[in-house]
Every structure is written in C-alpha cells, then in structure tokens.
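First comes one chain, alone, set out as structure tokens in the form predicted alone.
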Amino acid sequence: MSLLEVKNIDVHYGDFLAIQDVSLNVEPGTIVSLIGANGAGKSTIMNTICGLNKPTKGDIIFDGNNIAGKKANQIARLGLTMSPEGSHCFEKMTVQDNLLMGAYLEKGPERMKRLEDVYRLFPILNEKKNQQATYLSGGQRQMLAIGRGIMSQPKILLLDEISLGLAPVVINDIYDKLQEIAETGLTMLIVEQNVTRSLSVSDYSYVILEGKVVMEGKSSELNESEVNDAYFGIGDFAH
C-alpha cells in the first residue's frame, strides 16, 4: 500500500495550467525523486502535496487520508514534513532553537532524544548549536533545514532542491547523509535537477516536463540518456 498517492491532479495559477494530470506513488521506506529542469513544475507538485497550493482536480492520499485542499498545518500534523527550496531557517534564533522548533509538538525527553539523533547525523550543528542561524554557511543551513524536518519525526520527508547553490563537495556530503537517513526507514520524496544524482540516490523516479509526468520507473532500470531526453523534451518527448 502506498504511503503517498497523487491521483491525476491539475494545478492552476489563475488561468494557467501549471500541472496537468500528474499521478505518482511513494511506497513506505523508499526514496522517490522528481526530476526536471527549472520551471518544469516539480516544486509546484511538492507545494500542492504539502498544502501550499490547492489542486483544481484530482486527489492526494496520504497515509489513508485524502489531503487534497487541506491546510498545510493540518497536513503537517498527519506526519508530512517539507524542507523547502532555499533552506529557510529562523535566522535570529540559535541553531538548537531552530531544531527544537521542528519538534514543537513534543515535550520532555523524546524531544531531546531527537535532538541528539540530529546532532549525531550532523555533528557540525552540534558544534554551532549556540550560534545564530544567520552565521551558518549555505551547506550548514541546508543541514539545519533537513535536521529540523527530521525533528518532527515525519512519516514522509519532502526535500525540495536541497543542492541548489551549494558546492559539489557539500552536495556530496548532504546526499551521503540522506543515505544514512534512508537506512533508518524514513520515506523521502526529493526534487532534484541533476539526473545522475537523482537516479543514484532514489528507488523510483518521475521525470517532469512542462507540468506533466513524461517518464517514470525504477531508478536502477531507467536509461540515463533517455531520462535526459525526457528532461529536455527531445525526440519523442518534444511538444
């Protein structure tokens, strides 16, 4: 049974049809990637799943609940957490207070246990826990955003463009950490522009072009050159 099932959704911005008849499934304990160029509609899909956009057609079933059209805070309480593009954080708050915000519904020892788990995963955050988040590097902010998402102990974690603007060595480190997180059994849906990286880290992939799914399959079985053709709308994928 799917943990998350998006069924034939359309999303409009005014009269503009941004997402057309998109369907996707995320099985428990897997990493699923949405691959596509800038402007393909990946972030719109993510924002719609987490309640920032409302679909004009279709259903979104999360853990047995139809969440299409629900408010973002209602969806978050069901166990769906997103780390948005740009690694947003509370800049004037300390690193530790930022992390604790991710578990604001939890009290007592469980909250501190989660904090220790994040510090084991990202030791640099432990080193800088008393610093204001504004002084973190881009990579450290991304680690903080992921860590804050983990603090809510979600059933699924959505990660939107986590490598955007980061140096290659930092990106590699963050993706290594994602593999560690995956080994704990946490389900993840990630948005990524880099085809090679997406296919290497995920179990299943969807290629998005102009608001539509144009290719999907097990990541290990997809041909990278064909994925690139779909990514750019070349050949059979041209419109």
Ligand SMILES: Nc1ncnc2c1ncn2[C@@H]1O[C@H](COP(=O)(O)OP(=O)(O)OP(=O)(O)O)[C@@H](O)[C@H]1O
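A residue's number is simply how far along the shown sequence it sits, counting from 1. All values reported here derive from a predicted model rather than from experimental measurement.
Keep in mind the form predicted together with the ligand is missing from the figure; the text below concerns it.
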* Structure fact -> Note: the ligand not shown here; in the predicted complex, the stretch from 60 to 68, 175 to 183, 39 to 47, 22 to 30 having heavy atoms within 4.5 Å of it is 39 to 47
* residue 215: heavy atom within 4.5 Å of the ligand in the predicted complex? -> no
* Asked: Is there a heavy atom of residue 56 no more than 4.5 Å from a heavy atom of the ligand in the predicted complex?
  -> no
* To do: Look up in the predicted complex whether residue 194 has a non-hydrogen atom within 4.5 angstroms of the ligand, and give yes or no.
  => no
* Asked: According to a 4.5 angstroms non-hydrogen atom cut-off, is residue 18 in contact with the ligand in the predicted complex?
  -> yes
* Structure fact -> Within 144 to 161, the residues having any heavy atom within 4.5 Å of the ligand in the predicted complex are 161
